[in-house]
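This document opens with one chain alone, in structure tokens, the form predicted on its own.
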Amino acid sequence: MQQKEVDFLVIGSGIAGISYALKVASYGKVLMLTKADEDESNTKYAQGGIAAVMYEPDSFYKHIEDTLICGDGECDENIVKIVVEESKERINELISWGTHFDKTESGVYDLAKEGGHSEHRVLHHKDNTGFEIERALLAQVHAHPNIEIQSHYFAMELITQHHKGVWVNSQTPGVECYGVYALNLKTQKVEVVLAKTTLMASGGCGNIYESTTNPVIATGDGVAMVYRAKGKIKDMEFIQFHPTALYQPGKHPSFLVSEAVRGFGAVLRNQSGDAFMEKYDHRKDLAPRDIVARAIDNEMKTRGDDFVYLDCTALNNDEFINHFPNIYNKCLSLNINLFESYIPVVPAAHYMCGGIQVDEYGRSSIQNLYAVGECSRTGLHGANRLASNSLLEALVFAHRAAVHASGRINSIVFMQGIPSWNDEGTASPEEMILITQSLKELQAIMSNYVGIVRSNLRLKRAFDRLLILHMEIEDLHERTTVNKALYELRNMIKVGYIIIKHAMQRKESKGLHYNLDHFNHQVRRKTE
């Protein structure tokens, strides 16, 4: 079996993984593994932008308060303070790496305002900010001699003491990560990648739902791997649904209509043409995402409609096209002239606010394993992520993890005697329909029972159904040669189980977790 040794191993190639790689590359050899093309990540699809305090009258205090209010009492205030106060330094670094953000005619940055923000503070590049950031960062990576990117490598399992015959569980002190077993998707061979330190930057899990804005690679792999390795996972009940995905049944992923469009003045309307957000929150269309998504969900269910409308007809045409060219062209390709007719939109699974529990330096509960980006739970987002805080979080924690990891890299030695991947007694899957049908079942269970609105009965039913799927897939996994589709499904089922488990443990409605049997807290918050 082929074996590699690197100082810094990075799983994922979004903003978190790349910015970390650029910072640690001066201290040793870096290997980045990504299971698709190198530019395919949630970062690439981030339309709106990145939040940061740039000019007065904005302030750190205002950004901190907006984040805490949106997080509904579940944020770690110290973490919020760290991220906000380090924001401008990280933004300037991003700019120095070649990222271009839009400016006004006077030469200052053209800052947008999104739901939950009290000030204009979102830097953007048209409506494809993530794509621009990914472009700039990859150019820097390609120019660095110490960084190697291996695309089409699927990280399957973290290597720990368990693989040397030492029994570990969630209570075992000193669980250590020595690298990963990775499937080379071109050769279909499993390789051992040993690393002094490993960074998990594997992104989200949106594809456990029927409708998501995430790319197809977002299957919760990092969370599932860390959970199986007995690492700590927290707050997985908080799954954010973006309120305004373009209504296109059966389309994967769903096309995102940026929150910034409502910040620009667009209005949500039901199919009778009535604006409805005033019924739900005094901030109307600029309320935080959890409130807007639930409002849309309620309008659709009470009226029996499949979607609501986003009205852009009163907006300045030229300015809209300049700010949102991709959204305009996408609508035009579907014969929607958004200056004459409304855009049909629905909520779609968008962001995982919980994840691998880490400290202020991105350290997980497993030694030598860091986690940054959407797969991590830092305490910044709490029960609901404030719009455009995710890219900022990734930058800040990639920096902090890089500082910590590079400072101790010379004291870590490679683990010897790691066994090869054992697939003895397995065979190729007899029928792929077993995998594809189970995926459809999982997505239906999560969408119908563990979506925007939940109840104790729905969660219990989801748990029971998922347990059957889990047993079926584990049995198939034991008998089947390594297969990416099967492994992704296995990871998604594991993540679905964790979401349901955490949702059942929370006996209140808070932020993105809205349970009809525990709704008093949410009603109180709405009237504040």
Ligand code: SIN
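Note that residue numbering follows the sequence shown and begins at 1. Small disclaimer: the values here were computed from a predicted structure and weren't measured.
One more form of this protein exists, namely the form predicted in complex with the ligand; it is left out here, but the text below deals with it.
Student: Quick one: find which of 63-71, 22-30, 458-466, 46-54 has residues within 4.5 Å of the ligand in the model of the complex by heavy atom distance.
Tutor: Result of the contact check: 46-54.
Student: Using the partner position in the model of the complex, report whether residue 114 sits within 4.5 Å of the ligand, counting heavy atoms only.
Tutor: Flag for residue 114 set to yes.
Student: Hey, in the model of the complex, does residue 378 get a heavy atom within 4.5 angstroms of the ligand?
Tutor: Answer no; every heavy atom of residue 378 is more than 4.5 Å from the ligand in the model of the complex.
Student: Any of the heavy atoms of residue 387 lying within 4.5 Å of the ligand in the model of the complex?
Tutor: Judged by the heavy-atom cut-off of 4.5 Å, residue 387 is in contact with the ligand in the model of the complex.
Student: Does residue 258 reach the ligand in the model of the complex if we count a contact as any heavy atom within 4.5 Å?
Tutor: Yes, residue 258 is a contact residue.
Student: From the list 454, 350, 121, 196, which entry has a heavy atom within 4.5 Å of the ligand in the model of the complex?
Tutor: Answer to the contact question: 350.
Student: Listed by sequence position, which residues of 278-302 have a non-hydrogen atom within 4.5 angstroms of the ligand in the model of the complex?
Tutor: The stretch 278-302, when checked against the ligand in the model of the complex, contributes only 289 at the 4.5 Å heavy-atom cut-off.
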